[in-house]
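Shown below, as C-alpha cells, is a lone chain in the form predicted on its own; questions about how it binds or moves come after it.
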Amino acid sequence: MTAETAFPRIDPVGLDGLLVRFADSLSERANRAALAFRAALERETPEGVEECATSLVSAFVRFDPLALAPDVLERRLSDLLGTRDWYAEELPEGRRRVTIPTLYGTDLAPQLAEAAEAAGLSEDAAIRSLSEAEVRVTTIGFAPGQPYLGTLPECWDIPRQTALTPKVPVGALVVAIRQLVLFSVTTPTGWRHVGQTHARLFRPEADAPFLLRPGDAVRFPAVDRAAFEAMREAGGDGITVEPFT
C-alpha cells in the first residue's frame, strides 16, 4: 500500500472517538476533504454522535458509546467515505471573506526583518507579499478561536524558530512553514511575529464566539502606524466580513 492509497482511513481515539484521516501531512486537497466530510456529517448526523471537529487533514467524531457502538459508527463513516471522492469536493457553503488591517514590523511586530531574510525578501517585498496574499482558514486550534491560515507562496516555506519567543500579544500575526497564525491569546511561540492587528478572535459573550471559521478567506492588508493607532484610540479593529463563494 502506498502513502497515496493509505487514506482516507478511520482510527479509534479513546473509548468515544473516531478519527477520519485524509493524509499524514498538510495539503490543500486533504484539508478540503476534511472540511467537506465534516460538513456532510453535520448535515446528517447519526444518532449518538455528539461532536464533529476538524484539524488540518482529519475529522474527529465523538460519540456516546452507550447509545452507539463504535463498530456501527465506523461502518457508517466508511459508507459515507465511499459515496464520493472527498479530495475533489468543494469547500463547504457559508464561507466568508474577512479583511483584517495589519501593521507590519515596527516595535509591535519585531521579527519582520528576520522572517523576510529567511524568505529571501526585502522587508518591503515581504510586506507586499503578505499583505496581498489571500489565505484560507485551514483549522482552528491551540487556543479558542485561533486560526491557522495557508498557504503562502513557496518563499515563505521558512522553518519555525529553534527557540521560543517569550511572549506575543493577542492579535499577533506570525509566520512559518507557508502558514500564518493569528494569535487569540498572549503566549510564548516558536513562530516569527511579523504583524500586529486589533483582532479579537474569541468573543465568549457573542452568539458566535469565534471570529473566524475553517474555510473562510482572509486578507491582511498593510496599514501605517497612524492608522493603526487611530483604530486603537477609536476602540475599533477595522475588520470587515463579507459573503464569499
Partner chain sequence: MSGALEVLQAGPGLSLQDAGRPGWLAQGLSRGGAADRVALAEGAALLGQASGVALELAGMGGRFRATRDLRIALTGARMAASVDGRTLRWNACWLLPAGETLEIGAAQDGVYGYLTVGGGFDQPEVLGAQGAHLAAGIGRVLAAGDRLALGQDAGGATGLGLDPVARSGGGTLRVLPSLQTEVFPEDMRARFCTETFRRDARGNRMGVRLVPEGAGFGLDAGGRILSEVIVPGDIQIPGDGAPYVLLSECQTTGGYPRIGTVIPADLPHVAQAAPGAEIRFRFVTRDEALAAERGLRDALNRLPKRIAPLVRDPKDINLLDHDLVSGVTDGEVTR
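Worth saying up front: this structure is predicted, and the values here are computed from it rather than measured. Positions refer to the first chain, counted from 1.
Another form exists, predicted together with its partner chain; not displayed. Remarks below refer to it.
In the model of the complex, none of the heavy atoms of Gly105 sits within 4.5 Å of a heavy atom of its partner chain. Using a 4.5 angstroms threshold between heavy atoms, Phe142 counts as touching its partner chain in the model of the complex. Its partner chain is not drawn, but in the model of the complex it has no heavy atom within 4.5 Å of Pro46. Taking the partner from the other structure, its partner chain in the model of the complex has a heavy atom within 4.5 Å of a heavy atom of Arg62. Contact annotation: of the candidates Val57, Ala199, Ala176, Ala39, the single residue with a non-hydrogen atom within 4.5 angstroms of its partner chain in the model of the complex is Val57. Interface residue among Arg160, Arg97, Arg128, Arg76, judged by heavy atoms within 4.5 Å of its partner chain in the model of the complex: Arg160. Along 185-217, residues Val185, Phe202, Pro204, Glu205, Pro209, Phe210 each place a heavy atom within 4.5 Å of its partner chain in the model of the complex.
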